[in-house]
Every structure is written in C-alpha cells, then in structure tokens.
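Quick heads-up: it's one chain on its own, the form predicted alone, in structure tokens.
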C-alpha cells in the first residue's frame, strides 16, 4: 500500500476512532444535556436555535460524506447532488404536509393549502401513500436511488467521465429545479412545502422534538460514516480508487468499471436523500431553491476544503464552511461569497488535500520539512 493509500485509511487507526468516539459523546449526550438540563440564563446553556443549527450542519455533513464517497474515492465529481438531497427532502415534506390535516389555513383535511389556493379538486396520484411514514421513508430512499441508477447507467455505460459528467449532472439538477418551480407540477411551486406541524405525532415547535431530531441526525451521521468506511475499506473501495487513478487499466484487467461506478453512485444518492429527509423537519421548509446548481457546487467546496478522499475531512469541511456562513452572513453578509471563493482558491493552490491534509502534514513533520526545503532554496 503506497503513501496515498495509507493516508486514505488513516482514520482506521486508534487515534482516529478515539476522536470519533469523543465527538459522538459530545453530540449525543453533552449537547442535549446542556440544552434540556441547564437553565437558559447559564453560561453553559445551549439554546434550541443552536441545537437546530447543529442538526442542520449534521445533515450537511451526511451530504458531504455522500459526495466524498464518489468524488474522493471513485473520481466522480457530481455537481448535481442537490437533486438527490432535495428529492429526499420533498418526500419527507410531503409526509408532514399530509399530517397537517384540518389544521391548515383553509381547513381542508385532504388537500394541502397550496392546492386549495390553486383550485385543485383532488390529490394527485403521486401524493398517495404519503400519509404513512413508512411509505415516505421508502420514497426517501427509492426516489433518489432510482434517479441515480437510471442517470448513472446512461452516463457510465456511455463512458462519460470527468468534466463532461459534471456538466450533465448539473444540467440534471437544473432541469429538476425548473420543474419544481412550476405550480402545475404539484409541489408548491416557488414557495415549496412549509407550515409543518408534527412528525410521527411529535410537535415540531417543542424543544424536546428538536433535540430528538438532532440526536437522530447524529446517530444517522455515525451510521453513514460507518457505511462509507466499510465501502472504501473493502475490495470494492480499492477497486474504486484504482478506477479513479487509472480507469482504462482497470477495464483492461477485466473489471466491470460501469457496475462499480453505478453501485457507489446510487448508494451516494440514497445517502444524500436521507440527509435531505433529516434536514427538512429541522428547518421547517423545503423549496426548489435546494435544487439550484450553486448549492451542488457548494457541496463540492465543503469536501475540497475538508479533504477529499478522507471521509472525516468531508465532515470537517461541512461544519467549517457552514459555520463560517452562519457567522459571516450575520456580521458581514456582503463578504460571504468573496470569502467562499477565496477559500476555494486557497485550498486549490495551497492545500490540495484540505484541512485534514494540513493536519496530517503538521503531525508527520512533512510540512516543517517542506518549509525548510523552501527556505534553503531561497538562501541558495
């Protein structure tokens, strides 16, 4: 195993798993305790707003893991993963809209408010079944997975790779965005789905429900990480790395590159759909804005900043970028986009392996040696 491969699997080390265990304890026990058990006036109290915000970051971390699985390990840069995230979110949003019943503005137990406003007579067939949670959960997985399977089969079978795949994936998410913006499509048009009341009988406005969603999302992030780690540590993972580095050689050796890519791309889409389903009840809305190509591009920036091909780096990048967004959009909203662009350029030119790569270089002494060699060149 070469130096690059050793870096890829470094988080299987004891120190890596200890770090994950510490983060899990903080996420599952300390944060909920500081919200529910510590009085609001205390310095150590974490407000429900920040619990919900952290829950949103966790959803983004799951999404970043899904993208890193295909980009970092298989070399598939998808700029349309917002499609799978949004479809999973809409599936969960449709379930919660059906749960509103006669508590809606118009008091119609059979139709969502936007359908009543548009004078729809009956519920469209593709809304059937969403009054049941099990059906909605199935659609969260099935719809993004089926779309990814069909799209990936057509693309990989045609051997579309590199920038061409990125372009057509972006075209896919843009087409879905245009469809969902239209009122006649039946998904709320520009306003999307909102005004949710509860989920599985739990009131979404209560602090305990928000903390519960946060805990569920934390557990989901751990499970997704374990799934991704199992994939990349297996023979399939080594095959994906080989495909990323030398696809033509892998084909020459007789391996089915198309099947390997199709499996990991479909799995990634399913994970992105799960992230979207967990995201919607915590933010209280889902609209076509989640399908904008800019959102999908930003996902790639999360992975690049954290460290592509490391999994853990994807989580770090998602939290770092979105934490910076929350801070900068509050104190200097006009600076945010410039900061994001500058950070991406900095990572591309100076930190190609992201923040995790910088940390590993510092720990191993590689960064110090590189600086010393650069100084010696200047002196000469």
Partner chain sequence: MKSAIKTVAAVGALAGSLAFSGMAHAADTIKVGVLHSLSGTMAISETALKDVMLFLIDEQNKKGGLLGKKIEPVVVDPASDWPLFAEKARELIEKEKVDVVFGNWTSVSRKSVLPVFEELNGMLFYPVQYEGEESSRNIFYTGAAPNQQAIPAVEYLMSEEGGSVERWVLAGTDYVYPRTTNKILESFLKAKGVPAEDIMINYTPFGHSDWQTIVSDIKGFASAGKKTAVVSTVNGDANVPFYKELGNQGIKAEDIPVVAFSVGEEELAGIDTGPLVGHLGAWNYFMSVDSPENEAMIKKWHAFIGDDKRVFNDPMEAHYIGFTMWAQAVEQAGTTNIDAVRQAMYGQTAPNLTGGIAEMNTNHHLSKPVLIGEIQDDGQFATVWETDGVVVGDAWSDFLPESAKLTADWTYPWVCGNCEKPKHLTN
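Positions refer to the first chain, counted from 1. Since this is a predicted model, take the numbers as computed values, not measurements.
What follows is about the form predicted in complex with the partner chain, which we do not show.
In the predicted bound form, no residue of the candidate spot (100, 198 and 211) has a heavy atom lying within 4.5 Å of the partner chain.
The partner is absent here; in the predicted bound form, the one residue of 251, 295, 244, 238 having a heavy atom within 4.5 Å of the partner chain is 295. At the 4.5 Å threshold, heavy atoms of residue 319 stay clear of the partner chain in the predicted bound form, well away from it.
When contacts are judged by a 4.5 Å heavy atom cut-off, residue 134 does not count as touching the partner chain in the predicted bound form.
Heavy atoms of residue 191 reach within 4.5 Å of the partner chain in the predicted bound form, making it an interface residue.
Although the partner is absent here, residue 143 lies well away from the partner chain in the predicted bound form, with no heavy atom inside 4.5 Å. Look at 214-222, 182-190, 268-276, 253-261: in the predicted bound form, residues with non-hydrogen atoms within 4.5 angstroms of the partner chain sit in 182-190.
Contacts with the partner chain in the predicted bound form, taken as any heavy atom within 4.5 Å, map to no residue of 217-256.
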